Each structure stands twice: as structure tokens, then as C-alpha cells.
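Next up: just one chain, as C-alpha cells, the form predicted alone.
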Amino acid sequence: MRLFRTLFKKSNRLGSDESDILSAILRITNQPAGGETDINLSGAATLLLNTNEHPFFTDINSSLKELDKELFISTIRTPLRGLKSDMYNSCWIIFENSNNQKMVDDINSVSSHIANLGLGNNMTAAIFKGTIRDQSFYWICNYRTSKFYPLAPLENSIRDNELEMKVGSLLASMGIPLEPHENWYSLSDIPI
């Protein structure tokens, strides 16, 4: 978890490196979910960042074009793109790639670059979109704790708690570091 130590100056209780944390999500894709169906990543992910006055956030899409050139992120099917939310003082960096391993590698590269800019504390979460039983849900990696939790939003700010518990149990059974249930915060307007 060098990335997370760099970002938040915390020690690593799991003894893994940064790619192990986000790559942990790859361990459960295409695995049977209780013998019924498969769990899959959708090929879309996003980084959630809290913005501040740093030039990186002034014109997020220009910053991402420069970052794309700097890091040679050619594995991304579409260019890096960012969306800013003035209401929540946040922004999203969107990744799309049908090769999930490459998408995770790209997220790690971008995260490391953002941390090297001194913006590690502005990184909130990496969010992956997935499906189980033809239902969409999100895997959220909390950057502050290096742990995951599921989020299964329905309409009108309602959540599918049964699906979240099933996915949470599956994450835990496969050794994925899981947030305590009381920290399974809802997010709105996820752009993937």
C-alpha cells in the first residue's frame, strides 16, 4: 500500500502494495455468486476527489489531457475526462476500459500522480461499477481506510440493502478488506 501510505501517511496492516488494494476487486469478478450468477465489472470506474484552489482543479479536463500525455495512458478506450460538481465541491475522473486490469493500473497511475502533486488528501474514493444478477451496483474503495464497501442505489435515493449485504458478504468471504457496515455511505450522482 505504498500509494495509500504516500497519500495518507498511514501504515499498512495488510502488507500489500497499492495495486493489491484496487486489484483485489479483480479477484471476485467472474466468480459465482452463491452458485446463481456471476459478478462482473462493467468496464467503468471513477475517482472521487474533493476540489480546492489548486491549479489541477481549475480546468480539470485540461489537467487530465496533460496528465494523459505525461503518463502515456494509451490503454484507456476513451480519453480521461472529468466532471466537476460545484454543489459538493468535488470532481470525478472517469475511466472506461473493457480490460479491467488495465483500468485498475490506469487508476493507480493517475492516483499516484495526483498524490505527487500534493493532493492525496483530496482523493476520497475509487468507485467501480459492477453487476450481479443483472442488477447494477458499485464497489467503493475508501481511500482513507483502504477498504471496500458495496453501494446498490435504486430510485429516489433508496438503496437495495439486501443486495448490498449479499455483495458485502461475498467481498468479505474472498478476503477483500471490507468497511464496517456503519461506514457504507451513500453517494449520489455517480457519473458511471
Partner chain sequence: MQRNSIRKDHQLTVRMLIIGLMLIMAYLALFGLLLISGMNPIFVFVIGIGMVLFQYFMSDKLVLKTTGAKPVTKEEQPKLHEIIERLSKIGGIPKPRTIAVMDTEAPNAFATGRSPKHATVAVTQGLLNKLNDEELEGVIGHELAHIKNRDMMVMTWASLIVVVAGFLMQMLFWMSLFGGFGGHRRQGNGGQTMAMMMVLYIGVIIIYFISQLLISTLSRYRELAADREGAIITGSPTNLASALKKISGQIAQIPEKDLRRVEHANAFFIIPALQGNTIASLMSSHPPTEMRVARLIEMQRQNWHLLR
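Please read these numbers as outputs of a predicted model, since none were measured by experiment. Residue numbers count along the first chain shown, from 1.
As for the form predicted in complex with the partner chain, it is not shown, yet the points below apply to it.
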**Q.** Non-hydrogen atom within 4.5 angstroms of the partner chain in the model of the complex for each of Phe56, Glu66 and Ile93
**A.** no
Q | Stretch from 161 to 169, 39 to 47, 129 to 137, 57 to 65 whose residues place a heavy atom within 4.5 Å of the partner chain in the model of the complex | A | 161 to 169
Q. Ser173: heavy atom within 4.5 Å of the partner chain in the model of the complex?
A. no
(Q) Can you tell me whether Ile192 touches the partner chain? I mean in the model of the complex, with a 4.5 angstroms heavy atom cut-off. (A) no
Q. According to a 4.5 angstroms non-hydrogen atom cut-off, is Tyr149 in contact with the partner chain in the model of the complex?
A. yes
Q. Is the gap between Ala125 and the partner chain in the model of the complex 4.5 Å or less for some heavy atom pair?
A. yes
Q) Across 161 to 189, which residues bring a heavy atom to within 4.5 Å of the partner chain in the model of the complex? A) Asn161, Glu162, Glu164, Met165, His181, Glu182, Asn183, Trp184, Tyr185, Ser186, Leu187, Ser188
